[in-house]
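Here we start with a single chain on its own, the form predicted alone, put down as structure tokens.
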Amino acid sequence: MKRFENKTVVITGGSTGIGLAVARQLVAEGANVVLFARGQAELDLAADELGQRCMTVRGDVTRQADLGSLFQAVERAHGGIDGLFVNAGIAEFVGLADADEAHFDRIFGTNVRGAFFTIRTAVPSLRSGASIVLTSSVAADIGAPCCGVYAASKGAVVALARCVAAELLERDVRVNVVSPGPTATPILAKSAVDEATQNRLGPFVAQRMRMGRLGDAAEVGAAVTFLLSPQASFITGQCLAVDGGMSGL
């Protein structure tokens, strides 16, 4: 029997990149996946690829009404959920002098507030034995220039996950974090990086890429799939680095 046979997993930020890589692996192992993202075109492409085991809901994690609609739709279709991948996030890399309130609010609004309220809204739908995984970043651990707000938001994700893990123990729900290094996904192209920032941040990152390459979304996806699976049944409150050694060597 496949690990996720007849299980239902919700993935925010699920239409591209790491989210889509996880969806592919889960569907291959028998899961029903529900993808939540802002872009309808990307959701449609993902649904066409993944087939009948994929359901899509368009929305934004910064809007509580959208999150409510997501989990209402999941309840109607599947009755509850066995897994939740809290993956929606944005990246902007700005030096301290140029980091204004709008930048701060965008980053924390999606990466932290969005993650918190995604989990809070999902809790009534979680079945006993469910697993939650959140996406952090190696940026939270290595002290890179021009990453202050982004790195702080990802550090907050780890702290949030550990507290939620303690709180949900009584419901038999596990909560963990995956912390990717630089990974070849569409978010890299969308990240706001001007030439001056690239000149500061680029060499710093290049020197620390111990394996000499970007990660692949499927590599990170494999770690997420493991943490969602029964094979990780004795793991909770942990952060798993999938960063090619950047934070540990």
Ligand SMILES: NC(=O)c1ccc[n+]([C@@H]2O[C@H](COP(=O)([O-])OP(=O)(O)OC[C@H]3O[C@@H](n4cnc5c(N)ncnc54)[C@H](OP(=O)(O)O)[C@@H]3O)[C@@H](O)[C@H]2O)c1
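Quick note: we count residues from 1 along the sequence shown, nothing fancier. Keep in mind it's a predicted model, so treat the numbers as computed, not measured.
We do not show the form predicted in complex with the ligand, though everything after this point is about it.
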Quick check: do N32, A73 and G80 each get a heavy atom within 4.5 Å of the ligand in the model of the complex?
no
Name the residue from L84, A88, A161, C146 that puts a heavy atom within 4.5 Å of the ligand in the model of the complex.
A88
Of the listed stretches (119-127, 150-158, 163-171, 97-105), which one has a non-hydrogen atom within 4.5 Å of the ligand in the model of the complex?
150-158
Is there any non-hydrogen atom of G68 lying within 4.5 Å of the ligand in the model of the complex?
no
For S15, is any heavy atom within 4.5 Å of the ligand in the model of the complex, or not?
yes
D60 within 4.5 Å of the ligand in the model of the complex, heavy atoms:
yes
In the model of the complex, does S131 have a heavy atom within 4.5 Å of the ligand?
no
